[in-house]
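First comes one chain, alone, set out as structure tokens in the form predicted on its own.
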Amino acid sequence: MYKGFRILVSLLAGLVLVGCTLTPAAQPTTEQPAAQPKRVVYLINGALGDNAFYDSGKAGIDALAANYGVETRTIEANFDAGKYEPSLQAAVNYADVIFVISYGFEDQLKAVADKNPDKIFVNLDTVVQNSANTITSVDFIEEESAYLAGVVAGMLTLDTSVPNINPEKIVGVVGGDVDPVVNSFIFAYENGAKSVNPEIVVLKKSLGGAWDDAAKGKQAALQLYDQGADVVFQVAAAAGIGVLQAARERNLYAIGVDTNQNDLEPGHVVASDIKDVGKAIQDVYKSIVDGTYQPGAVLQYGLASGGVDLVTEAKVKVLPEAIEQRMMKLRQQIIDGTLKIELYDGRDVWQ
């Protein structure tokens, strides 16, 4: 993977962090961590309730509390830049292990980690390397699942036997911002769609960092549907819920992200591109407990490890069987290593 570009993810200016919320837990302490950690923090730059990325991580944190009996606390920075560094310090004062989403605040994370070598820092979804080399990074290979999302979208836009699919070869995608992670999704999604038919057009809309604005996400999707897109992929966290609503309003189709969103708008969400943050959290914590954890490692989570996936299970099935079977065949080829998916290399995908 093009790691140099992902390490520079601090360019993500759109995630300009509005209130720091602490999930109630035990009182903070400055005690040194025991051999087995007793306190875990989940620090996010956004907020819970997105039915996607952040909530997936919270499910993993809740599993740690249930399975290991550790005390946990979630700190929500609520997209407030002024609260992120104090949130990091609050996490250090309380926890032995800190799972952190540091979009736009990598420098602060590096500085705090360097000053606190006794704490375990696990950065989620991007690669961050500090001077002391103590931050472990979980890097999801989102290109693998996004490619499959593009294949599904591409096949769907060509199948006019599906209700309301028009004759035009157009699909769409709504991204929360212009940043390396979103760009990786879009890059692979477009490659997947064009692998079905090179003439397929992929229309794109960025929300400019409005990750929590569902109304803006809906407006962007409606514009894409009105331009001829049959299916729109949402890569926009909580704002993406508006994309799914737009699919229902136009009686067309969408692809969800991060968690299984297929039943949020039954009959209109044909698939969801899963990024299992919760699984990664549980896997890393297990390595801490069993003594195999390696500080400074970069852990890659793709289809083979179950870190990402494309799921079609839903109460109301939409995809024709032929599309689903084709997607599942490609999925297995990626897992087996016989199909190599091109990874994002930093190019401009918004042209």
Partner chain sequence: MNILTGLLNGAISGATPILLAALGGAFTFYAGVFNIAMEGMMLMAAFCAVWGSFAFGSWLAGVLLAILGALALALIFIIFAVWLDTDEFVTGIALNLFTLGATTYLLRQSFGVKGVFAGPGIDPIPRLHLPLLADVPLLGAVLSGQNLMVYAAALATLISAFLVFRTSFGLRLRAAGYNAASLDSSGVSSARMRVYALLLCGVLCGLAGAFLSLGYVTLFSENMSAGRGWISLAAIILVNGNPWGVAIISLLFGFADVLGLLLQSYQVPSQFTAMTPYLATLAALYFYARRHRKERGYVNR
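Residue numbers count along the first chain shown, from 1. Please read all numbers here as calculations on a predicted model, not as lab measurements.
A second form of this protein, the form predicted in complex with the partner chain, is not displayed here; the remarks below concern that form.
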Next item on the list: Report whether the minimum heavy atom distance between D226 and the partner chain in the predicted complex is within 4.5 Å.
Entry: yes
Checklist line | the partner chain contact at K115 in the predicted complex, heavy atom, 4.5 Å | finding: no
Notebook entry, point to check: So, in the predicted complex, is K194 in contact with the partner chain at a 4.5 angstroms heavy atom limit?
Noted result: no
Check: Hey, in the predicted complex, is G49 touching the partner chain, heavy atoms inside 4.5 Å?
Finding: yes
Check: Residues in which of 118 to 126, 200 to 208, 185 to 193, 98 to 106 have heavy atoms within 4.5 Å of the partner chain in the predicted complex?
Finding: 200 to 208
Check: Is it the case that I135, Q300 and K340 all touch the partner chain in the predicted complex, with a non-hydrogen atom of each within 4.5 angstroms?
Finding: no
Note to self: Give me the residue from I170, A214, V162, V181 that has a heavy atom within 4.5 Å of the partner chain in the predicted complex.
What the structure shows: A214
Next item on the list: Identify, from the list V269, I75, A220, I274, the residue with a heavy atom within 4.5 Å of the partner chain in the predicted complex.
Entry: A220
Note to self: Within 4.5 Å of the partner chain in the predicted complex, counting any non-hydrogen atom, which residues from 234 to 257 show up?
What the structure shows: A238, I241, G242, Q245, R248, E249, R250
